[in-house]
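Let's start with one chain on its own, the form predicted alone, as structure tokens.
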């Protein structure tokens, strides 16, 4: 069998994510309220190990897409696939990170990281070792016994990363995870995420409103139209890696941001 980077061709060529003709609407609280169509005929493919950013105006369906990939909600029409299989519900193969780190306030940092394996009755000595190693990786080696209220905003985000990664997910779904952070912490977390992604080689779908953030982080940027959401343009980010915040000052980066903004403005 012919191999591609050590994997069978059939496996290596299979997309990590496929969204095919996806439609989703929401019904108002009263029967007379009109239905709101969040997505209509949405198509997108994400390659294994790719960092894809979803960018678009408020209400275009970015978070709805992420929720369907996470298995929190189902499409009204179309297909939502990960690794070639339909998404039927949440699973540890897909990690989700929100704008606010989802940590249990009554658990220590280490116990928060171990919550998933413990809840699935999969807590082993090896899992505990991985949790400790992950806390070291994210810079929280001295915070095992700290509670969430004792951590800074950036530290809580890094603890949330460790809690997701301990499950060894193949897909990481991120819904504006740095949107509430101050500028300095946000830059630090962007740098941290790029390092972690390159280390773990995980597929990431990242929702953002920030053009510069999308250009800095992504391999591709999917620009979405306003409601109902569709993929207006998918822009390749042909900037070399590894990237840093200093790259945002280059002419190539400024030109890329202009292309992304023009795609966004086409919707108005």
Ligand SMILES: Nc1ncnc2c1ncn2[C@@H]1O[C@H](COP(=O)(O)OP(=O)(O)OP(=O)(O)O)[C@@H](O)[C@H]1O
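Predicted, not measured: the structure shown is a model, and the values here were computed from it. Numbering follows the first chain given and starts at 1.
The form predicted together with the ligand is left out here; the points below concern that form.
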- Message: Please identify, from 44 to 52, 58 to 66, 213 to 221, 238 to 246, the stretch that has a heavy atom within 4.5 Å of the ligand in the predicted bound form.
- Response: 58 to 66
- Triple contact flag 93, 171 and 192 to the ligand in the predicted bound form, non-hydrogen atom at 4.5 angstroms: no
- Task: Verify the contact flag for residue 209: yes if a non-hydrogen atom of it lies within 4.5 Å of a non-hydrogen atom of the ligand in the predicted bound form, no if not.
- Result: yes
- Message: At 4.5 Å between heavy atoms, is residue 36 in contact with the ligand in the predicted bound form?
- Response: yes
- Any residue of 157 to 194 with a heavy atom within 4.5 Å of the ligand in the predicted bound form counts; write them all down in order. 176
